[in-house]
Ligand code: DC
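There is one chain below, alone, in structure tokens, taken in the form predicted on its own.
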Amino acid sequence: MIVTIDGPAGAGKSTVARLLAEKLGFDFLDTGAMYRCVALQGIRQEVDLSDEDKLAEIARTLVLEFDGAIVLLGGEDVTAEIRTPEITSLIHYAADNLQVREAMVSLQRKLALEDDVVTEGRDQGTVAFPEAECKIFLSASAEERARRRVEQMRQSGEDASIEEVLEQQNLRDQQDEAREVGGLKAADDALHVITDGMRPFEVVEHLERLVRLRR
């Protein structure tokens, strides 16, 4: 069975998807990590990331595995390295490259053949897995998503105001929705879940009920 979770930045997709996969006994497919690995490999090979053909070749030859929460690139644990600010600032080169996205979608489908999966992103229910048995579009109000982000930043020792984060978030929402490739959009048959006022475990429990009804 394939469960897709799409939604805007700050909706808590990654955390919820990972916890849901654990509860269901499914594999978790971290699609964001895949694009981060493409960017990391491009840096390691000293490739000009704006060279779409060269970056696409890296994507097509990527040797990538997931071992629970661990991301393995060519057998090397790169879980922490792909989350650095440097990679975060460069991931758009991979995410906006049509050839890279085609290679990543192909790899996502291949990985999903191996077992039941929960996968999250922007285009999982619309592009990667249009035939998925359960599609969820997870969201929250802009204010709620910004509040959560500020709290995360404060816990990490970073200082930011709600206004600053909200402005950045609104810009990213506009960019994600306007992307020609893999743009943010709910599948026609997706189940919409708004998480305002819900704690993560409550969201997971709700999604688990939805998934079991579709099995």
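These numbers were taken from a predicted model, which means no experiment stands behind them. In this text, rigid core is short for the largest set of C-alphas that superpose within 1.5 Å between two forms. A residue's number is simply how far along the shown sequence it sits, counting from 1.
The form predicted together with the named molecule is left out here; the points below concern that form.
Okay, which stretch from 57-65, 168-176, 144-152, 38-46 lines the named molecule in the predicted complex, with non-hydrogen atoms inside 4.5 Å? Correct option: 168-176.
Just one of Ala95, Val78, Ala140, Ala112 has a heavy atom within 4.5 angstroms of the named molecule in the predicted complex, so which one? Residue within 4.5 Å of the partner: Ala95.
Contact flag, Lys135 vs the named molecule in the predicted complex, heavy atom cut 4.5 Å: No - in the predicted complex, heavy atoms of Lys135 and the named molecule never come within 4.5 Å of each other.
Classify Ile91 as contacting or not contacting the named molecule in the predicted complex by the rule of any non-hydrogen atom within 4.5 angstroms, answering yes or no. Flag for Ile91 set to yes.
If we check the named molecule in the predicted complex, which of the residues in 105-142 reach within 4.5 angstroms of it by a non-hydrogen atom? Stretch hits, in order: Glu120, Gly121, Arg122, Asp123, Gln124.
Rigid core fitted, is the C-alpha displacement of Lys54 between this form and the one not shown 2 Å or more? After core superposition, the C-alpha of Lys54 moves less than 2 Å between this form and the one not shown.
Large Cα move at Gln174 between this form and the one not shown, threshold 2 Å, rigid core: Yes, because once the rigid core is superposed, the C-alpha of Gln174 moves 2 Å or more between this form and the one not shown.
Threshold 2 Å Cα movement between this form and the one not shown at Arg145, rigid core reference: Yes, the C-alpha position differs by at least 2 Å between this form and the one not shown.
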